[in-house]
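So this first bit is one chain, no partners, the form predicted alone, shown in structure tokens.
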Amino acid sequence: MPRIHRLDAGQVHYEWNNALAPRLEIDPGDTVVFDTRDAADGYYSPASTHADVLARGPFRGHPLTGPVRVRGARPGDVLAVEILEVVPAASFGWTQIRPGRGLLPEAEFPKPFLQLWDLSDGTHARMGRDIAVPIAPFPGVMGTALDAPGGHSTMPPRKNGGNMDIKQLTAGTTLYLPVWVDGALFSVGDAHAAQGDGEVCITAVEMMARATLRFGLEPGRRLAEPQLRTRGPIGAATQGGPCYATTAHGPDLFASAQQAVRYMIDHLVAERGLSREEAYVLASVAVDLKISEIVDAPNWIVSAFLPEAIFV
């Protein structure tokens, strides 16, 4: 009979390391309710200010809840993680601009900036009275332990999953993770209330969360990297109405993504009266970057789509 387990956030870890002792052992078919800390490890509060961004010090790793050992999981298997529910565990979230981090260079955003979001109604992330982004919560980090020894940073995404920040990993989606070590050793954290595809300022609406996940095991499937299946159409939370899009072309997708975001920031400043910092934050939280065309050399097209329903 499948069981339901609970794992609190009283003990976390900050790296991928297959030598970490599991906090919980489960059977395939079991469900685990995870409490997770936010990416800043609970540092921010509703009273935090811009100055707190640099005062926090250097990033040491995402605080992750786990590891969870899955009985019978072996290298070459696939761990199927069905996302049943993700909900905010606090009434606020945050987005920061930290100079030198994110898509755009420090010269364009040289000062720290902190945006606090009101999550208290459970349906929207509110930025003042005029902007309400529908929440579509998901864990930014989910992964199994790596087969390489020692500690490994949680910052980049890897073959084990990790910091993928795929905003479609919401309730109803199933994530398929390669198993690299016995027991899989799954961990989760870095939940987001809302995010644009690209997370361009390097933070979304970061939040503490409760994530309910059900685990299956597919022996011998042998995936090289994670895959996923959604329950329905993607982007339904924010793409139900009109959008405004900017485009940029060139032979470098990264540079074109930067330019499309610059144009979007210009648009938000000119048409919506936001500061450049507010516009950059909003682009990270609600604007979806898309590779619209990549076959007509020497130039490719990147588009940035802004759902206009967020303006109330």
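Numbers for residues come from their place in the sequence shown, where the first is 1. Everything quoted here is computed from the prediction, not taken from an experiment.
In what follows, reference is made to the form predicted in complex with a further copy of the same chain, a form of this protein that is not presented.
Contact check for Y14: no non-hydrogen atom falls within 4.5 Å of a further copy of the same chain in the predicted bound form. Interface membership of Q195, defined by any non-hydrogen atom within 4.5 Å of a further copy of the same chain in the predicted bound form, is confirmed. Although the partner is absent here, L253 sits close enough that one of its heavy atoms falls within 4.5 Å of a further copy of the same chain in the predicted bound form. Although the partner is absent here, D296 sits close enough that one of its heavy atoms falls within 4.5 Å of a further copy of the same chain in the predicted bound form. Proximity to a further copy of the same chain in the predicted bound form, taken as a non-hydrogen atom within 4.5 angstroms, holds for one residue of P112, G102, G216, P134, which is G102. Think of it this way: in the predicted bound form, a further copy of the same chain has a heavy atom of just one of P75, G150, G122, G241 within 4.5 Å, and the residue is G241.
Each of P156, I166 and P226 places at least one heavy atom within 4.5 Å of a further copy of the same chain in the predicted bound form. Shown alone, this chain has one stretch from 112-120, 199-207, 80-88, 181-189 that lies within 4.5 Å of a further copy of the same chain in the predicted bound form by heavy atoms: 199-207.
For the partner-free chain shown, L289, K290, I291, S292, E293, I294, V295, D296, A297, P298, N299, W300, I301, V302, S303, F305, E308 of 273-312 come within 4.5 angstroms of a further copy of the same chain in the predicted bound form, judged by any non-hydrogen atom.
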